Every structure is written in structure tokens, then in C-alpha cells.
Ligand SMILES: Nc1ncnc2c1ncn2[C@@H]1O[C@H](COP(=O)(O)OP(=O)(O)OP(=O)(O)O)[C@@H](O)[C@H]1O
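For reference, the chain that follows is the form predicted alone, supplied as C-alpha cells.
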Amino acid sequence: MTDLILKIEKLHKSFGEKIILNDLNINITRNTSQVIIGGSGTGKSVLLKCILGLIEPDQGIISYNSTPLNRDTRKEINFYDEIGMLFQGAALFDSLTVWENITFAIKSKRKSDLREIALDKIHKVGLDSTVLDLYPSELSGGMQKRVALARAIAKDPQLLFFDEPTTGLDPIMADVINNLINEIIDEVGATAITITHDMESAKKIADKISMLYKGNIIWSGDPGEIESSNNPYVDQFINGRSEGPIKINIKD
């Protein structure tokens, strides 16, 4: 089996006249943590939605384990049973308890089995059984993020997606979540794809970082190489400078 779990070739997506993804190419190696950085509006979320099948690209090929993905093949290979997703802001169901949230996507099991699965996953994210019957409104933001992480790994996925995993968290809790992500990736043995603009998080969880700008990958490398990338766009972004080749349009 190839070392590539995901191969994206010449991916293009436009909305009207606005080009979001512009012949984007990226390879994701199995059992690695790939982080994609970039500012707002650079196409990170659209890329993720194209991989997940929530948006159809205009052109290009997305292959998972060498199988080109489309609506039919995603069903044929049970793609959605092999992935887990940590949404920005946790996105827990308010009306469901913690254990029901964690096991929401698992079907054909008894309630007692589902609770056991939820208990196992909740332990993996550093929580205990006392939270299983609580509702999201009874949890802190950091606890909600942990529950969402437990839900993401509930089916022992091969491929994990993290959408801005530290958004809304204070620096200490963000570091806790970053550590948990690293631990879970190692324990589950999954491949991870993270989109973020948080450079501290990117450097901590990535085996490889790629920067997306104007719909294309403009730089890729190891986390330790990014400070000396010699790419003016990367340099401006990672240092948070307003001056540089990246221009921000501020409209009234």
C-alpha cells in the first residue's frame, strides 16, 4: 500500500468569479500530522469541505488510499466510517448528553455498549465518567473541546480532521488540547489534517506544515524550517506583520 493516504491533484473551486482553490496540489502521508496554515479567506475551509464531500470541486482529483473520491466511491469504501472530525467551536448537540454526543455516529449497538465506548474515549481525553450524563451547557469551553475530540475518535478513524482546534481557548487550555491531539494521534495511529491560523498550535502538532495563499500551496516543510523559509508571504504570516506582500483589504 502506498505511503500516501490522501492525494489532491489540480483542485479548483470557484464561487462565481471568485477563485477559492486554484489548481491546488498536496500529498498527505500516512500516519503523519499535516497542518495547513493561512489567513481568513485563503481557502482552508473550502479545501476541507471538498475532501469531506460537502462541496464538489469544479476540477481536480482527491484520492483516498488511491481511490478517487466522489459521491459514489465515498459510499462504496465507507469513507465516512474511516474519518473523524473535530469541528471549530466543538459543535456538540445541545440536546444530547456527553455520551450520546460521543457515540452519535455509531449505529447498531446496544446502549450499554455505546456508553462503554464513550467511557473509553472520554478517558483518552483526560475526563472521567462523571461527565457522561452531563449536557454541553454544563461543561466549560475546554471540556466541550475534549468531548468533541472524544467524538472525533469514537470510531477509531484512519483519518482525523481538525478545524481550528484551539479557537476560543485560553493559551493554557489551547496547550492542553495540542498535547491531547499529539497523544491521540500517536495512540490511535491515525493520519491528521489540521487547518489553523494558530502558529503555536501548528508548530506543536505538525509533522509537516503547508501554507495556503490565494488558493494554492506556496510553501511546505517541517515545523523547524518555517522560521527560515525565505518566503516573504510565510514570514509575514507567521510573525503577524501587517506590512508585507499579503495585503489586507479593509472595507467599510
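Don't overthink the numbering: it's just position in the shown sequence, from 1. Here the structure is a predicted model, which is why all the values come from computation and not from measurement.
The protein also exists as the form predicted in complex with the named molecule; that form is not presented, and the subsequent description refers to it.
A.B. asks: Quick one: is Gly53 in contact with the named molecule in the predicted complex, heavy atoms, 4.5 Å cut-off?
C.D. replies: Heavy-atom contact with the named molecule at 4.5 Å: absent for Gly53.
A.B. asks: So in the predicted complex, does Pro57 come within 4.5 Å of the named molecule, heavy atom to heavy atom?
C.D. replies: Residue-level check for Pro57: no, no contact with the named molecule.
A.B. asks: Could you confirm whether Asn27 comes within 4.5 Å of the named molecule in the predicted complex, counting heavy atoms only?
C.D. replies: No - in the predicted complex, heavy atoms of Asn27 and the named molecule never come within 4.5 Å of each other.
A.B. asks: Taking 4.5 angstroms as the cut-off for heavy atoms, does Lys18 touch the named molecule in the predicted complex?
C.D. replies: Residue-level check for Lys18: yes, a contact with the named molecule.
A.B. asks: Name the stretch: of 60 to 68, 217 to 225, 179 to 187, 42 to 50, exactly one has residues whose heavy atoms fall within 4.5 Å of the named molecule in the predicted complex.
C.D. replies: Checking each option against the 4.5 Å cut-off leaves 42 to 50.
A.B. asks: Which listed residue (Asp156, Glu116, Asp175, Glu164) meets the criterion of a heavy atom within 4.5 Å of the named molecule in the predicted complex?
C.D. replies: Going through each option in turn, the one that passes is Glu164.
A.B. asks: Determine the residues of 130 to 149 with a heavy atom within 4.5 Å of the named molecule in the predicted complex and present them in sequence order; the list may be empty.
C.D. replies: Heavy-atom contacts to the named molecule in the predicted complex: nothing from 130 to 149.
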